[in-house]
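Consider the single chain below, provided in structure tokens and representing the form predicted alone.
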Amino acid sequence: MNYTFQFAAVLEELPYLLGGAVVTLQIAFASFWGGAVIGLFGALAKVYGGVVARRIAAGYVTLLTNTPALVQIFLLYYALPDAGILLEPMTAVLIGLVLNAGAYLTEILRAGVLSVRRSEIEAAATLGMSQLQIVRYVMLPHIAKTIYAPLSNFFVWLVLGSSLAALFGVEELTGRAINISTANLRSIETFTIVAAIYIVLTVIASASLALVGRWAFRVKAKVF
């Protein structure tokens, strides 16, 4: 093999790649928090909802967790136009990832909801708290402390999973790497540097989440 590595040609595009890394984090944040809202309502429906609410939540979770996120985004991006609904690539990716994340977070948050003792909820109700106040001041802090570690791991997974957006022309980190490697034909060097950037992103995300967990919820979270 007479291949000569030329990383200089890729390093010249480092600012462009770092801009893609910012987009990657934006996708991960939006997907996580959008999914967390859906997941919270889904978890509450499965634990405290009536028969209809529980069945709807269970059907949503079953459907979304048993099909790949990529397939779901394909349907949003390529099937909806037949119904007259056109979505921008970023919009389709975000909707798909939010819905997918919501299904997984429903199950994660359900475990947290089940960990809240009924006596605590009854005590809050006795003090005159509304349902919203009970959720905000009693349930959420307890849930966050109980399932902080799996939530952190799921966010890191979203950072890496956002790379599928490149298949739809979104210029996040992987999408920009494809553009660069197509132009300079230096795929090995390009994706080696991109892999290093992903490692840095996940380490920073893990360390930041661990620090936040220890400060806000007194969770002894590990970086890995």
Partner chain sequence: MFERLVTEAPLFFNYHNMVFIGQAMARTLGMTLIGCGVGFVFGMLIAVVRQTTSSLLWPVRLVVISYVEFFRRIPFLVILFIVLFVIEPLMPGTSLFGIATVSVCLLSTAFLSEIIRSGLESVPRAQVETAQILNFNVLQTLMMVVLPQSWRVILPPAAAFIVMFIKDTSLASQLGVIELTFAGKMLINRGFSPILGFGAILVCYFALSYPLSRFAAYLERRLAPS
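Because the structure is a prediction, the values reported are computed rather than measured. Residue numbers count along the first chain shown, from 1.
A second form of this protein, the form predicted together with its partner chain, is not displayed here; the remarks below concern that form.
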### Query
So which of 170, 180, 194, 44 reaches within 4.5 angstroms of its partner chain in the predicted bound form, heavy atom to heavy atom?
194
### Message
I have 33, 52 and 131 flagged as a candidate spot, so tell me whether each of them has a non-hydrogen atom within 4.5 Å of its partner chain in the predicted bound form.
### Response
no
### Query
Can residue 203 be called a contact residue for its partner chain in the predicted bound form at 4.5 Å between heavy atoms?
yes
### Query
Does residue 28 make contact with its partner chain in the predicted bound form, using a 4.5 Å heavy atom cut-off?
no
### Message
Is residue 37 near its partner chain? Define near as a heavy atom within 4.5 Å, in the predicted bound form.
### Response
no
### Message
Please determine whether residue 83 contacts its partner chain in the predicted bound form, using a 4.5 Å cut-off between heavy atoms.
### Response
yes
### Task
Given that the partner is absent here, state which listed stretch (74-82, 88-96, 143-151, 108-116) has heavy atoms within 4.5 Å of its partner chain in the predicted bound form.
74-82
### Task
Counting only non-hydrogen atoms and a 4.5 Å cut-off, give the residues of 47-75 close to its partner chain in the predicted bound form.
62, 63, 65, 66, 67, 68, 70, 71, 72, 74, 75
